[in-house]
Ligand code: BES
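Take a look at this single chain, the form predicted alone, given in structure tokens.
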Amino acid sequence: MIEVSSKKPSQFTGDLLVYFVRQSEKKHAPVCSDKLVQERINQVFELGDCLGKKDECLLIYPERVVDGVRAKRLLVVGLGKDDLSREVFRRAGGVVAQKGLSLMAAKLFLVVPAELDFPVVEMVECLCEGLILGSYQFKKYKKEDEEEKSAKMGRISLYIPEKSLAAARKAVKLGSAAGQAGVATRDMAHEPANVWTPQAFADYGKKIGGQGRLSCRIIEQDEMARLKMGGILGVNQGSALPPKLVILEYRTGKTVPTLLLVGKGLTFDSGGISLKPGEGMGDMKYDMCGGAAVMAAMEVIAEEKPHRLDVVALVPATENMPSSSALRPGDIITQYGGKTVEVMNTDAEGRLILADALAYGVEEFKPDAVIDVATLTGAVVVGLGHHRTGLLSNNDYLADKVLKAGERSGELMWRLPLADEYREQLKSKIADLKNIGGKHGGAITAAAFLQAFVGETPWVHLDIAGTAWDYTEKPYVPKGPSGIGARTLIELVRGWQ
């Protein structure tokens, strides 16, 4: 629970009282608004132990009678010397969360540094995001001992000047909602593939579909066959589990633009007949992170009730497994809408299920803009590492909006080119398209394949294969799935004009 408070820090009697300081010049100690804390900083600064560097911590055990402090511990967190940004405070929240967990601190009180030249509401929003994301743990399948069970944070209060309380309460809601969306995305990704199946996506959709103006519909295998969704059905051929196409619709009831979100829901990817190497295959339960991000974002959208646009989400969900009935290299399938595809590699399956969802979504819902999120290619990891999501688009304006939303969310992206020469690599002699374009430019040719199914609709493709797990180490991003994508989509919807 996170709340704002105007109670003085000196009145706090809980486990951890937290202050934030900027890094000063080498000859000067960081400046803190509290006299007691400043005295302690000055003492340790002479020893070189508190410089205010980014993510740096100073833990103090005050003598309550002498110092006049009721808190059990004081924590000073450095904000660094770079320009202040949303990411600085998101990281700081993560640092506090990690320190609080290590100390088994149940009650925390954070003094928001309102004296700094940065909007207080944005400090609050991003501190909340960092606190929630940084305290994340997934121990559902692990038997915990009593000591581990107690390592959970409870009540967190943020000290805000009285004049900023109302705005800060709204900021807490925004930051908490975005943080929880990241948590929900991580939770889905952490589940093993024998638990998080296509049916689990359908069940989750039905659960959140009853919220407010959000509705849910599931297209089952029989209906897919009638609709001739050969991509989803083809990829699913080797699996014993039926596929699902989850459709979530948020409607304002007004005449407003429609945004279509599509998330790849490959609950396990063995590669099919084009079998992946055994090493690292266990990570292929994460191949549904795009679908998880879209679902988590829709849950927040339903709660926040934006009035500027309708939002529709599609998650095609299936496994990609090898069997005697599996799709084979060289097979030809017919996607929704009639385009034929020569399947040269069954491990390039994500684009096949996304193509059906994109083509169906564009025709059925007539969206003004489309964004798909997918762990699509290893090639994007080669090009951008685990530090940036690859963005490709047919529309500069929409691409710029998504890039800015990612920057505000701390989920950085890099735009890659998309031009006719890449589409040339996908030409087949016996079908409309091949599903791979050779080993060069793989992230781009994958996007070029998807582009064939969106027509002229403004569209952005986000390849999160490098950022959905093993993401750049941050205080609020743990090992394993990062939860990336959901917060960017939420930020985009919040700022939609």
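Residue numbers here begin at 1 and follow the sequence given. Source: prediction; values computed, not measured.
The following text describes the form predicted together with the named molecule, which does not appear among the structures shown.
When the named molecule is considered in the model of the complex, Lys276 lines it closely, a heavy atom lying within 4.5 Å.
Shown alone here, Leu376 lies within 4.5 Å of the named molecule in the model of the complex, counting heavy atoms only. Leu433 falls outside the set of residues with a heavy atom inside 4.5 Å of the named molecule in the model of the complex. The named molecule is not drawn, but in the model of the complex it has no heavy atom within 4.5 Å of Ala448. Comment: 342-350 is the region of 123-131, 342-350, 299-307, 109-117 lying near the named molecule in the model of the complex, near meaning a non-hydrogen atom within 4.5 Å. Contact with the named molecule in the model of the complex, defined as a heavy atom within 4.5 Å, holds for exactly one of Asp287, Asp372, Glu319, Glu411, namely Asp287. Checked against the named molecule in the model of the complex, the residues Ala465, Leu462, Cys50, Ile444 give one hit for a heavy atom within 4.5 Å, which is Ala465. Here the marked residues Lys244, Glu249 and Tyr360 all miss the named molecule in the model of the complex; none has a heavy atom within 4.5 angstroms. Residues Lys264, Asp269, Lys276 are the ones in 261-277 with at least one heavy atom within 4.5 Å of the named molecule in the model of the complex, listed in sequence order.
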